[in-house]
Structures are given as C-alpha cells and as structure tokens.
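First, one chain by itself in structure tokens, the form predicted on its own.
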Amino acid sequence: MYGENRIDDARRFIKAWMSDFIAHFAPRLYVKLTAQTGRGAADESAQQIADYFRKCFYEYFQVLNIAPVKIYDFLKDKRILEYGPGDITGIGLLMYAHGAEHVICVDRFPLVSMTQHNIDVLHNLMHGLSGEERLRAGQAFNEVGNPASGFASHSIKYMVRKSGLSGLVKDIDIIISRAVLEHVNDLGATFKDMHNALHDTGIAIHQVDLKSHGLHRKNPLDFLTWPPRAWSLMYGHKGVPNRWRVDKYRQVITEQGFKMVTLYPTALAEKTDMAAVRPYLAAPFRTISDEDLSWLGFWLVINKAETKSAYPSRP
C-alpha cells in the first residue's frame, strides 16, 4: 500500500514521474521506448493476434444479442468510431468487411504502424473471411488485397488527437472500445465527445478493464491507495489507468445525457483484498460501496437518453 514504505514510494514516484515527463513532451519517443501495442507486451504470432481480433469483434455482437448471421445486415451502411485501436486497426478492418460504410479510429498516441508483422496480421484477418466479407476486406486498401498499400480513404481513417477525442458531430452510428476508457484523462469529456459524435439513434458499446494493468504491488487493488496528485504526476500523460471505478461511469453517463442499456461486471475482486485495502484507499475512493469496489471490469452499452433502446439489457 502507499505509505507503508516511504523509501519504496519515493523510488517508484521518481521513476514514474520521469517517464511521464517523456510521454508528455515527446509522445512518439515514449511510444518507441515502451513498444506499446495497445494489447500488452506479449510476443504473439500474426495468427494469435488475428484470432484475438476475431474474438473481440464477435464479443461486441454477443453483448448486443446479435447472431453472427445477422451482423452484416446490422452493420450495413453504418459509420463506426473506435477509440484506441492499438497498433493494428484489426477491428476496423473486420467492421468494414462485415458491411460498415466507414470506420474512424482515434487515439492519443501514434500507435498504428505498418510493420511487416502487422501487415501479416491484416493478411490473416482478410484470408480468414469468405464471400462478400472477403471481397470487402480486400477493397479496404489503396491497392485491392494489399495491406502494405495502406487503408483507402473510403474505408478506414486513423486520427491521432492529443485529447484522444474525435471532435465529430452527429456523424456516427456505433461507437466501440475495448480496454480504453479506463485510460482516458477526462472521462466526462470523452463521454461528451461520444454524445456529440453519435446520431440520435446511435449506440455506444464498451468493454472497460478496471484492474491495475500491472501497477499494483501485492494487493490487486492497492494502486487505489496513491494520492490523486501523486498518481497524476506519475502517470497523467502515459495512458495508464485513470483509476475511476464503476460508480464514476454511472455518474458521467447520466451527466452527459446517455441512457444505460447494459451494464454488468466481467470480473470481481476478492473480499479479502477489498477488506485489506479499504483503510488505505485514497480520498476519491473512500466512500465507494463494497459492491462497486469489487468490480474489476464491465461491459457497457448506452444510447442517447431520448432514444428508445432496441437492445435488451443483459443480467
């Protein structure tokens, strides 16, 4: 816990603050030094990464209760916005291949790169399709069927914004993200950007990971014991977890004019871990209920408050 070992606290603070300084003033250098991919640091084959993207793609529609055979009809002519695609726009390619009119990807850091490994992943995704989906996937590139030529302007657009926000206005039908919202600096501004970007009948679907992302010590919740100011100085510009819990998401969703369609946890903390960390929690988390503190991740589906939902809420 923070405060149990002052010397260790000081060492961790100095090291983290120095790297955050680099992330703030030289983000491209920071990305290069840390080799960020948006998926973690595991050394994976092109096949493994492509399989991961396929899994993520189909999970969106499982949460929406849309059968695989109906995905194409659902996505047809839809405009998609993805926050934080990582270093490969694999989900974007699958969305376009399955009928989306256009996919826009936005990120805070310039992660996307056409390395040979990433090109191999895109080839794998394309070759794993058949029929109309395979044809559309090939047409997503400047040279048909050649990922090395880059994405054509009519298919997938990648934007890097310091704020991580799209700035779009009523241009999007579906917004998606996976393990991204826990990294944004300003949760309210991000949900406002979503509200602005969506058509009145649009929806947003997100998978949020509330775990420490490796920044805890012994207890998986002890990263919540650092004072907010110290945490900001250590990690404010690196895109690491903002630490907000599910109660904050509920609050922001209501404030920004959204209606909750689906919200359920994907993982829960152990009661013993919660009991051990509660006396040391930083100020923003001291009044949180045990139930909300236990949530280590969740699926979320929202639409504009005035819109009647077409998607039944899951238990």
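Predicted model only: the values in this text are computed from it and were never measured. Residue numbers run from 1 along the displayed sequence.
Heads up, the form predicted together with a small molecule isn't pictured, but that's what we're talking about next.
Interface membership of G236, defined by any non-hydrogen atom within 4.5 Å of the small molecule in the predicted bound form, is ruled out.
The small molecule is not drawn, but in the predicted bound form it has a heavy atom within 4.5 Å of G164. When contacts are judged by a 4.5 Å heavy atom cut-off, V180 counts as touching the small molecule in the predicted bound form. In the predicted bound form, the small molecule sits within 4.5 Å of a heavy atom belonging to R108. In terms of contact with the small molecule in the predicted bound form, the residue from G202, G86, G92, P147 that brings a heavy atom within 4.5 Å is G86.
Exactly one listed residue, out of Y52, F258, F61, F285, brings a non-hydrogen atom to within 4.5 Å of the small molecule in the predicted bound form: Y52.
With the small molecule left out of view, the stretch that reaches within 4.5 Å of it through heavy atoms in the predicted bound form is, among 139 to 147, 120 to 128, 215 to 223, 184 to 192, 184 to 192.
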